[in-house]
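This document opens with one chain alone, in C-alpha cells, the form predicted alone.
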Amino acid sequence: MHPLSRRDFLAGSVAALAAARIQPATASSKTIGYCIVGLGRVSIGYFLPGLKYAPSARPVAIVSRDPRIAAIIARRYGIAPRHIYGYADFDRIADNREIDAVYIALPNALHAEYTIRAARAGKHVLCEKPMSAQVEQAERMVAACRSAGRKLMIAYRCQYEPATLRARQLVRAGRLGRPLVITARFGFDISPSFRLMGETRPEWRLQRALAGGGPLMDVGIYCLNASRFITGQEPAGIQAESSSQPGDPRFRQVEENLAWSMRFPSGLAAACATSYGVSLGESFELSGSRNASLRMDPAYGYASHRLQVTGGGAPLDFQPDFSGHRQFGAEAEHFARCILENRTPRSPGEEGLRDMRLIARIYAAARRT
C-alpha cells in the first residue's frame, strides 16, 4: 500500500474511533440530568433536540424568565412543572438531586454569574461559547468551578464534530507537511431583531453590555479556535483592524467587521475575518509545506461540514452526516461521560479562557490601528 494512502486510512480510523467515543452506541445505567439555563434560539432549536443523540444525558429542569415558553418546553420534553425555575430562584437548583449539570445558553455577559452560582449549588457546568464577555469573568468561572470541585466545559461544538476531528488528525499526522498558512472567514448580515416562539425580540448580540463585542465574540471565535485546535499551536503575534458603516444603527455599540492576522512561533501565519454586515461564508483553509492544502467549507455551522484535501497524496472529500442536532448531542454526551467517568473535558474552562485572552489581544490590536 502506498504510504500516503495508509496514513489517510489510519487518520480516518482514528477520527472514526474518536467519533465513536463521543457517541456510545448504548446508554449507561446512569444518565446525567441537565438543567437548561436560558430558553433561546440555541437551546430550543438545537441543544434540547440534540439530547436524543446523547444516550448518557437527559433534560430534567429548565430556567427561564418567560413562564409561557418554559411551560411549552417543559411539556415537550416531559420536564416536571416543579423543575421549572426563574432567575430569582435559580439557587434552588441546589436542592434538586436530579440535576447533575447545567447547560448555560444566556447572553455572554451572564455566563460568569450563572456558572459561578451553579458551581456553588454543586452542579457541573457546560457553558456556551464565548466563555464570557471579559477575561476577568472567565478567570472567575474557572476559579469557582475548581473551588467547588465541579467540572467546567465550554461548548466548542466543532471540537466534537467528525470533519473537524479528522482535519485535526490529518494536520497533526503531517499529511500536509509543516503548516504554513491559514485563511479563515465567518460572517453574515445580522438582523436587528429575531423571532422566538412567536415573539419578536431585539438582537442582544448588538448590545455591547450583553455581548461584550461584535462578530468576533459570536462567529469570529470559530476561526480563532479552529486555528488553535486543528494545528495544536498558540499564536505569538497579533495584528487587527475593525470597521463599521457610518450611520448604520446596528453598529452603534459593536463593530461591524474585524480582520486579524496571527503569527505562530513555528512560522505559521493565519489571516482571519469576521463580519455582521456581509455574508463571508464559513470557511477554513490550511496550506502546508508538502504542496498540499486542507479546506473545510462549510466549516463551522449547524449543517453537515465538508472537508477536502488536495496534494500530498490521494485527494480526500469527507462529508459526514452530522447535522446540528447531532453536533450538540455529541458535546452533551462527551460532558456527561466526563462526569460519569471523572475525566477532564476536551474543551475545559481553561480552553475558553485562552480564547478570551486572545480575543482581548485582538481587540486591543484593532484599537491601536
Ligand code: NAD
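In this text the structure is predicted, and so the values were computed from the model without any measurement. One rule holds for the numbers: they count along the sequence shown, beginning at 1.
Missing here is the form predicted in complex with ligand NAD; even so, the following discussion is about that form.
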**Complete:** Of the candidate stretches 110-118, 176-184, 229-237, 244-252, the one with residues having heavy atoms within 4.5 Å of ligand NAD in the predicted complex is 110-118
**Prompt:** Of the options 41, 30, 343, 52, which one has a non-hydrogen atom that comes within 4.5 Å of ligand NAD in the predicted complex?
**Reply:** 41
**Request:** Taking 4.5 Å between heavy atoms as the contact cutoff, choose which of 194, 77, 85, 264 touches ligand NAD in the predicted complex.
**Result:** 194
**4.5 Å heavy atom contact, residue 166 to ligand NAD in the predicted complex** = no
**is_contact(residue 123, ligand NAD) in the predicted complex, heavy atom dist at most 4.5 Å** = no
**Asked** Using 4.5 Å between non-hydrogen atoms, is residue 92 touching ligand NAD in the predicted complex?
**Response** no
**Asked** Can any non-hydrogen atom of residue 105 be found within 4.5 angstroms of ligand NAD in the predicted complex?
**Response** yes
**Asked** Looking at ligand NAD in the predicted complex, do all three of 201, 205 and 302 come within 4.5 Å of it through at least one heavy atom?
**Response** yes
**Prompt:** Across 111-138, which residues bring a heavy atom to within 4.5 Å of ligand NAD in the predicted complex?
**Reply:** 111, 128, 129, 130
